[in-house]
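The chain that follows stands alone, in the form predicted on its own, written as C-alpha cells.
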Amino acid sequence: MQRKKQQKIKNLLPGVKENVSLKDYTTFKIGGKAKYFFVAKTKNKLINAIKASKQLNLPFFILGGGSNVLFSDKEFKGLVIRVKNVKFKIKNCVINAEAGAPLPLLVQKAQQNSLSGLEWAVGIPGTIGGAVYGNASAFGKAIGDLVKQVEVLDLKTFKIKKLSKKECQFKYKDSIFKHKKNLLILSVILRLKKGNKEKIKENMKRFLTIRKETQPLNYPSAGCIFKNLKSQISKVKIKKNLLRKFPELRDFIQKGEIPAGYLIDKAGLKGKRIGDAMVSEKHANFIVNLGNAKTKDVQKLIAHIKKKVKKIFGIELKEEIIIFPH
C-alpha cells in the first residue's frame, strides 16, 4: 500500500523528494523530516501539488521562506510544498510579484527603480507571500499598507479570485489569510511612490543599521516570537505598583503599544536557556538557536516566558510565529 502511494505521488508530482530535513529550509534551523517535499516553481505546479495531496489524502503544508515558522522535530507524514514561484514585474509605481518572490529582492529592486515605501522591510527575510500572510511590519510600517490586490486560490473550490486591500482585513501582524486557511496567496500587487533613489538607499542603510545594532542576526532565529501588545492594550490593567517600578509602561500605554521584548526583558529572562534555545541577550523577543536547539526546547522556553510575564505583569503574550503542527 505504501509503495503504491509512493509511486502515485511520484507520477503526479515529478521531482518530488522523500524524507527531506526541514531544518535546512527554515531560518531557525530546527525541524524534523518531511515524508514528501516538493518545490513548486510556478503557479500551476503549486496548484497541481495541492491537488495531488488532496487526491492522495495527504496532509500538506505550504512553506515560503521559512522565516516565521517552527517545525516539530517529529516526521511530518505529509507533503511540504515549497513556494518558489518567484517572478515579478515593476511598472510605474506598481510591483506585481508572485508569492514566492523574495522580499529582500523586492526591497532592492524598488530602490533601484526609485520607488519608496519598502525601505523599512530591508533585512527582513522570507517571501512576499509570507509577508502579506502575516502582515509583516517594522518601524511603524506594514506590508498591508502597500497592498493593492492579492490573487488567491480558494482551496475549497479551486477557483482563483482577487481580493482588494480591504478584503484582506489587515490588522497588526494579522490578515484574513491567518483565519481563512482555504485562501492561498498566489501573487501580490503593491503600490509604491516615486522617490529619490539615493534618499531611499540612505533610509535602507539606516534601518539596516538599527537591525544590526538591536537584533541577534548572528544566530539562527525565527524573528520576533511574540506580538507586541497593540489592539488589546485598552484591556490591559497594570497595577499601580508596577507602573511605579516600570515607569516606561505608562509611556508605552499612552503610545498604544507595549513591546513584548520589554516585558520579557523586565521579567529578567534575557539569556534564559533551555537546551540550545536561548532568549537573546540583545533583543528579548528573539529566541536564538545556539547550535542544536530542538523544537521542545523552544516550546518549553516559550511556555516559561509566557508564564513569567503573566505572573509579573498580568499580561498574556501571544505568539507571532507559526508552530507546525500546533
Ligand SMILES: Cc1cc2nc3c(=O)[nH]c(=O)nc-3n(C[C@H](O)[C@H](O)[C@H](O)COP(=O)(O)OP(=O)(O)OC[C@H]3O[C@@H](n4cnc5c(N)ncnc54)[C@H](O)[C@@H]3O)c2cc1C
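Don't overthink the numbering: it's just position in the shown sequence, from 1. As the structure is a prediction and not an experimental result, all values here were calculated from the model.
In what follows, reference is made to the form predicted together with the ligand, a form of this protein that is not presented.
When the ligand is considered in the model of the complex, N96 lies well away from it, no heavy atom lying within 4.5 Å. Heavy atoms of F61 reach within 4.5 Å of the ligand in the model of the complex, making it an interface residue.
By the criterion of a heavy atom within 4.5 Å, Q299 is excluded from the residues contacting the ligand in the model of the complex. At the 4.5 Å threshold, heavy atoms of Q215 reach the ligand in the model of the complex.
Across the proposed site, F226, V279 and N289 without exception lack any heavy atom within 4.5 Å of the ligand in the model of the complex. Contact with the ligand, judged by heavy atoms within 4.5 Å in the model of the complex, is confined among 182-190, 86-94, 239-247, 109-117 to 182-190. The single contact residue among L79, V147, A136, I200, judged by any heavy atom lying within 4.5 Å of the ligand in the model of the complex, is A136.
With the partner omitted here, the residue from R211, K230, K165, K171 that has a non-hydrogen atom within 4.5 angstroms of the ligand in the model of the complex is R211.
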